[in-house]
Every structure is written in structure tokens, then in C-alpha cells.
Ligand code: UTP
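One chain is shown next in C-alpha cells, namely the form predicted alone.
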Amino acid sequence: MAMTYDEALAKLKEQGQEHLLTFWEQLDDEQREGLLAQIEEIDFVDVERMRAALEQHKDGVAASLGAFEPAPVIKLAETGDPDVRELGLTALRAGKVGVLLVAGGQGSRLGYDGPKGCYEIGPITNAPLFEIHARKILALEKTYNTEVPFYIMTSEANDAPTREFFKANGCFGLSPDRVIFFTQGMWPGLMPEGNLLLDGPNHVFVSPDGHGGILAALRCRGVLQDMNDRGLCTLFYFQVDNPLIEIADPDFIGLHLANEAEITLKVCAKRDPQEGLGMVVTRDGHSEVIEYSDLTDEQKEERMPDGQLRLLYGSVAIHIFTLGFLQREADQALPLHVAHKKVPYCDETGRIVKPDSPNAYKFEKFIFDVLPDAERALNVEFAREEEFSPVKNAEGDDSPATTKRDMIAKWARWFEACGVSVPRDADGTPTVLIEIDPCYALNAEGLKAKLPPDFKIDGDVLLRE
């Protein structure tokens, strides 16, 4: 049965949060029902953890980083072991691999009103991010005659439009029964004194609980059970804003399996000492990722005798998990990360106030905080230009312009590996637009198998299956 007003009031009084019912008499039946449903879902054990984390944050108390060493890294390009690749291929062909996409964000930083995955990025076709990712999975299924379930974590804000986008586009060729949507958790925020806040007379402010919230969401939404029922063993994890990614790359999967790792990370060298990547390190025999913001400028700039950065390799949110590890971690309480933000709130008169400066605190969990729990973790370096060019900002680094540039540059290298000349300017930048549908070719080898012997580039190139 749904929670009643009296039950809600008793629950809130026990926690000193009865102000959430301030405007009860002004609400209609539907608004009351929604507010009670929210209150029923609030876990005050989590709220107490938030309060404790907030007090530490306000007092400037941070966990000491202590002694750590840069984590050992395997270079993906230098492995070249066909037996290792075969392990990855065998897992794919056997239907043991699933893909896990974090796609809860909106495109607001790009000036786009909607789920970030709907943002158009194809250099010629304007294909959206979701289409590019889905077509790569479809290409895997066709290439290896297999099934690759596609799990997409949305947020409360974009779940419905994301589902509708896939439905309207026929799941981009994928079988709908293998495209599984689930929503991440939402957490309340806190005012400086530790109170929950309303962002409307009938609504408690909540925000996504971070990419680390995927663990609880997998359990609560029945996704772990679905993965188990489908016989999956290996899950490839990535975030929606990176169209360059090689989804479920057999070499990467093979390294994970050959090393019997529970979690494997792809890492790349920072483009400069101040780039905001979490650094992969080891401490007491376990891997960790240290947040960029937790490092001092001296640590970011520290060099080895040969001039190379001591902390060189950062995580870019490309991981492989064993299903067993995800199941084990789903019940663990990850550390909380605190952020002081501008949060619209409802004042004592019921008016919505949009503050000009940070006024409240949001809390998130980060997926990389599972690393110390892994019995074996592996770090694999990849070539940044081949697989990492996220679209995050409207301009400058990591913007649509740089992402499209990097997509075209990658496809140009494929053509040149096939012996096809690509027109370039004096700086070496391709002077034509290039776009290759993943179902036409997933790599240079696949492209070479399809190109006619006399293929030449004398204008923009679009290759589609």
C-alpha cells in the first residue's frame, strides 16, 4: 500500500525533516500522491551518510592520499598475441559479452535540449551518438554471428525521450528484445545545515546519484538477473559522449580474460599535466583511481628522470567487468563525493528561487571506487586518437568540432592503411569529409575487404551498409 500522510509525517519527524510537508494543504490529490511517493523512497540511512560526508567536506577533512605508485599499464598495441585475441572472439561468438552504456546526461552543455545520446555528431549524415553506438553493436552481431545485449542506463530526466528515440528509429537495426533500458537512482540534496530541500511545493529536489549508482540500479531494476539469465560473463562499459570508442574490442576483451581480471580499464596518456582525468595508481597491492581534484599541482606536474609525467595515465570510463564482480559490488556502499552547486529551491512562501551562487550540496558515487575491491585489476593503454574524443563542451577542447575532426582523421587513417590516398592540407588535415557506417566497416581491415581495387577519394566520402 502507498504511504499515507500520517506515515510520512511520522517518518519525517523522526529525522527532523517535516518541512517537506509545509505546503500539503495547498496541493491537489495528484501532487500529494507524488510527494508521498518521493518521501517513501527516501532512504535516511543514505541521508545520514550524506550528512557525514557533508560535515567532512565543510570542515575540509579529506581522506589522506598517503603513499601510492603509478599503476602498471599494458600497452594494447604491443600485445599482438593471436591467442589473446581469440579469447575475445570466442567470448563474443558464444554470446557471453554484453554492452553497458551510461547515458543519463542531458545535452545542456552543448546547447542541446534533450538526452545527450540524441545529439547529432556524424560529419556527413549528422548521425546521433546513440545511432553510432547501436550500429557498432549491430556490426558486432553481424560480423561474429552472435547476440550482444545492449543495456542503457538513463536518468529520471531522459528515460522517456531516450526510449521513444530508439523506438522511433527502430532501435537502429538492433533487435528490441536485446535493447534494455533502466534508470539510475536519484538522490536528494542537502542544504548547508543538513536539511533536505524542495524544488517545488510538491517535489523534493533530487539529482542522479552518479555513474557509480549503476551498481545499485543494476540490482534494483533486475538487470543483473537479466544478464545472468542471458548467460553473460563479461560486460563492456562506456559513456555516451564518445563516438570514437571501439565497443567490445576483441583484443581488449581477450586481455581481460587472459589475465583473469575482475575489472579492466582502458587508460591513455594525459594531453597535458592539468587535464582533468582521474589517475590510475596502486596502493597496498590494489588499484585505485585518484580524482584529478584531489591531486596537488605538484603531483600533477611531477616528472620522471626521463621527463615523462610520473602520473601519466588517466581513466576515460572505458571498462570491462566480470558479471560476478558486478554482482558482488552491487550491495557495497561506495564512498560519497560532494559537490557544492546552485540548486533551485522553494522558499517559505512557496516561491521558486534560482540562486546566483552555490547554495546546496549534491552527492554522487563514482564507478571507479570499486577498484580497490577487485582481486585482480588490469590497466590497458590505448592510442587516444583511435578511441577517445568525447563531445562535452560547446566550444574548445572536447567539442563537436574536435570530435568530428578526430572521427574524420581516424577514417582517413583507415583509407591510407588500405592504400587509398586522402587529400590533406599543408598541416596534414584531411580536406574532405569522411563518414563510414560501422555496419560497412568496423576497422581498416573490414574496410579493405569491401573497397573496390580502384577506389579513389576525390570528394566527400560516405560509406553505408
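Quantities reported herein were computed from a predicted structural model and do not represent experimental measurements. Just count from 1 along the sequence shown to find any residue number.
Form predicted together with uridine 5'-triphosphate: not shown, discussed below.
Novice: Uridine 5'-triphosphate isn't shown here, but in the model of the complex, which of 109-117, 287-295, 194-202, 266-274 has heavy atoms within 4.5 Å of it?
Specialist: Of the stretches listed, the one contacting the partner is 109-117.
Novice: Using a 4.5 Å heavy atom cut-off, state whether Ser315 contacts uridine 5'-triphosphate in the model of the complex.
Specialist: It does not: once uridine 5'-triphosphate is placed as it appears in the model of the complex, Ser315 has no heavy atom within 4.5 Å of it.
Novice: Residue-level question: is Gly104 within 4.5 Å of uridine 5'-triphosphate in the model of the complex, judged on heavy atoms?
Specialist: Although uridine 5'-triphosphate is absent here, Gly104 would touch it in the model of the complex, with heavy atoms inside 4.5 Å.
Novice: Can any non-hydrogen atom of Lys392 be found within 4.5 angstroms of uridine 5'-triphosphate in the model of the complex?
Specialist: Yes - in the model of the complex, heavy atoms of Lys392 and uridine 5'-triphosphate come within 4.5 Å of each other.
Novice: Mark Thr162 yes when one of its heavy atoms lies within 4.5 Å of a heavy atom of uridine 5'-triphosphate in the model of the complex, and no otherwise.
Specialist: Contact with uridine 5'-triphosphate, no.
Novice: Could you spot which one of Val380, Val370, Ala134, Met153 gets a heavy atom to within 4.5 Å of uridine 5'-triphosphate in the model of the complex?
Specialist: Among Val380, Val370, Ala134, Met153, a heavy atom within 4.5 Å of uridine 5'-triphosphate in the model of the complex occurs only for Met153.
Novice: Which of Asp81, Asp226, Glu364, Glu386 has a heavy atom within 4.5 Å of uridine 5'-triphosphate in the model of the complex?
Specialist: By the 4.5 Å criterion, the partner-contacting residue is Glu364.
Novice: Heavy atom within 4.5 Å of uridine 5'-triphosphate in the model of the complex: which residues of 228-244 qualify?
Specialist: Going through 228-244 in order - heavy atoms within 4.5 Å of uridine 5'-triphosphate in the model of the complex - the hits are Gln239, Val240, Asp241.
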